[in-house]
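Just one chain follows, in the form predicted on its own, and it is written as structure tokens.
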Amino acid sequence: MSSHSLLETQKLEVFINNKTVCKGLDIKINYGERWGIIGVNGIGKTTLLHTLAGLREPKDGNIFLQNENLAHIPRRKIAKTIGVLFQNDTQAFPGTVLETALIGRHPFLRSWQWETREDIKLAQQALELVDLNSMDSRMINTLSGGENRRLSLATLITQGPLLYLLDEPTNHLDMHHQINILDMLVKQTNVKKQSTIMILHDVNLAQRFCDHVMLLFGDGEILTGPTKEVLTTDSLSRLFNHPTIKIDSPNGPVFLPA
């Protein structure tokens, strides 16, 4: 086990509904890295992400968070280190945008403790990062799908985890906010040495914003490694069962269906 890794799996096997998502998976997520998970619909991307978060047990193998077996870590301690963005946003309680963002501080509060001025400041800074700072007093039931998605991200930023596990973070976002959000995540990982594992359907966003990727082929087969090595026309053509071509651009290669 690496003393420098934030998250590490050893011989991980994930199984759901008579389907093997991964088998014998050994990966090391180091501080400051950004990983993308890519695969066709229903291949098990969300199941893998939830397993890495400790929300479901693997069939076999182990997951280590900062060299400690994830299965033995209390949930509150995990919540101080891992932040999860789910595929569908559902806010359990009515409230304002600021109040909702402050939920991210709950793992750090004692029972019946109110948020401090510093907590409020962190939430306000997070809302500014996702371009919602002018809406802090809005009720969340008045938000659009894209605004609600950015609020969920702001809640995670307020939480301040070392590891972000994001299920389709660009879901419901227009092109402008897709790029802004992913640019922001790059800066977060670079400055604060936080790491990100995110499920993406857009291969070109993964190519641009992830330094490592995991390709889920099915039947437990996963190809992992640096983005430039793993994302090729051959691997993507096999992944999606469709011919793929590569076009060079100023921001790197762009992959398109042939």
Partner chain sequence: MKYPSAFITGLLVLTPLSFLYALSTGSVDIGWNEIWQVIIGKEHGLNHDLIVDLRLPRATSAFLTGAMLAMAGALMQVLLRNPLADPYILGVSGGAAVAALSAMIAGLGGLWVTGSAFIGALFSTFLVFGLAHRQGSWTSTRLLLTGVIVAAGWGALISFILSVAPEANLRGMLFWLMGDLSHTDSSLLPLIILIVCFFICMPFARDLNILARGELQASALGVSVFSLRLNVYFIASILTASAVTLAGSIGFIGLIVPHIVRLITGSDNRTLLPASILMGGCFLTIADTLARTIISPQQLPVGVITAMLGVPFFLFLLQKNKQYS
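From a predicted model like this one, the values you see are computed outputs, not experimental measurements. Numbering follows the first chain given and starts at 1.
A second form of this protein, the form predicted together with its partner chain, is not displayed here; the remarks below concern that form.
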Would you say all of Ala79, Ile82 and Asp89 touch its partner chain in the model of the complex, counting a heavy atom within 4.5 Å as a touch?
yes
Just give me the single entry in Ile179, Ile73, Met139, Ile120 that has a non-hydrogen atom within 4.5 angstroms of its partner chain in the model of the complex.
Met139
Can you pick out, from Leu143, Ile103, Leu132, Leu173, the residue that has a heavy atom within 4.5 Å of its partner chain in the model of the complex?
Ile103
4.5 Å heavy atom contact, Lys228 and its partner chain in the model of the complex
no
Its partner chain contact at Thr96 in the model of the complex, heavy atom, 4.5 Å
yes
Consider His50 of the chain shown here, and say whether it contacts its partner chain in the model of the complex, taking contact as heavy atoms within 4.5 Å.
yes
Would you please decide whether Val186 lies within 4.5 angstroms of its partner chain in the model of the complex, comparing each non-hydrogen atom pair?
no
Out of 189-197, 215-223, 50-58, 229-237, where are the residues with a heavy atom within 4.5 Å of its partner chain in the model of the complex?
50-58
Quick one: name the residues from 106-125 with any non-hydrogen atom within 4.5 angstroms of its partner chain in the model of the complex.
His106, Pro107, Leu109, Arg110, Ser111, Trp112, Gln113, Trp114, Glu115
